[in-house]
Ligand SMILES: C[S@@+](CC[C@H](N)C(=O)[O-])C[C@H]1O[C@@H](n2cnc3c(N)ncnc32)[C@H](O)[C@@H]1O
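One chain comes next, on its own, written out as structure tokens in the form predicted on its own.
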Amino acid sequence: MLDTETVRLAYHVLMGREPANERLVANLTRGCDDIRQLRNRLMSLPEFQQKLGASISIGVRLQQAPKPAVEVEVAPGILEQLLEHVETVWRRFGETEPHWSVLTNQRYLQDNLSANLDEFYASGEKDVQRFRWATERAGIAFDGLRDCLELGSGVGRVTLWLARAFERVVGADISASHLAVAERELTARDIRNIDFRRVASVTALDALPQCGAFYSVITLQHSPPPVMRLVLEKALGRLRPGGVGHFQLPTQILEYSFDAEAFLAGQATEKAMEHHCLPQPTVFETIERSGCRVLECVQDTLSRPNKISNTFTVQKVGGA
């Protein structure tokens, strides 16, 4: 018989949502002897069949889409306004639902967190493992990178595991409230080799130290494209020669466009969690402009069905 966590995970992967109730989880747990049976049971449901058809249709539309109208270069004053907007949104999330804002699962809401806190932090281990695998696929010794800059450290979910893999970690985030939670949680776990930095301005980004590794996953996608481009360029610019960057962001969203002034006058006023993309040509241009070369670019599953999300592994040119 399968365990309930496996059933929940399979339901989330195939259906894109949590099971409706505990009775459903219990029935699937008792009724399936192995993963194969569970998969077949879920894939036979009308809901999955509808999602599959919609997903194929969206995939075709993404492939046929014209060049998007995405503004990525803006005047310094507009850029500062965009940074201020991102800081305001994420500071509020940090003050209200810091863990849920990192992984939007109801188990990580403040009312449910005490029973699920260990699970939340344990989930970061696999993210660092994927970073290690990507680096070593490229023939680079992960353990030789020594120190790491994490951009979007949030409440320290992945930072915890980066600190166990590297001699020193700089945990950078735009939200002071998230950083306060991270520092408290990781100090309680006796993790001492982390330097937390708040990066809410161009000046703060420029002040980040050089590092052997750069990591950022499920973070950049919540910032408007000009901010994504800026932050990515600044972070990659801090890599030492031979250093490795591993980062994820959406590169295409169906029917997405971005105009900075219209955004500031409209969507930005809602102060809600946003999802943006940075077109692949801009990503590649930014990597090259930062003095890096692409080691690997893979399509991942870290975004919503109407998007293409990519994880990039890059290396700073000029070192072994």
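Predicted model, so just to flag it, every value in this text is computed and none were measured. The numbering used is simple: start at 1 and walk along the sequence shown.
There is also a form predicted in complex with this ligand; it is not shown, and the following applies to it.
Contact with this ligand in the model of the complex holds for all three of 90, 101 and 223, each having a heavy atom within 4.5 Å. The closest heavy atom approach of residue 154 to this ligand in the model of the complex falls within 4.5 Å.
In the model of the complex, this ligand lies farther than 4.5 Å from every heavy atom of residue 140.
This ligand is not shown here, and in the model of the complex it never comes within 4.5 Å of any heavy atom of residue 244. By the criterion of a heavy atom within 4.5 Å, residue 199 is counted among the residues contacting this ligand in the model of the complex. Scanning 249, 170, 239, 231 against this ligand in the model of the complex with a 4.5 Å heavy atom cut-off leaves one residue, 231.
Contact with this ligand in the model of the complex, defined as a heavy atom within 4.5 Å, holds for exactly one of 227, 165, 74, 186, namely 227. Remark: of stretches 129-137, 188-196, 144-152, 110-118, the one touching this ligand in the model of the complex is 144-152 (heavy atom within 4.5 Å).
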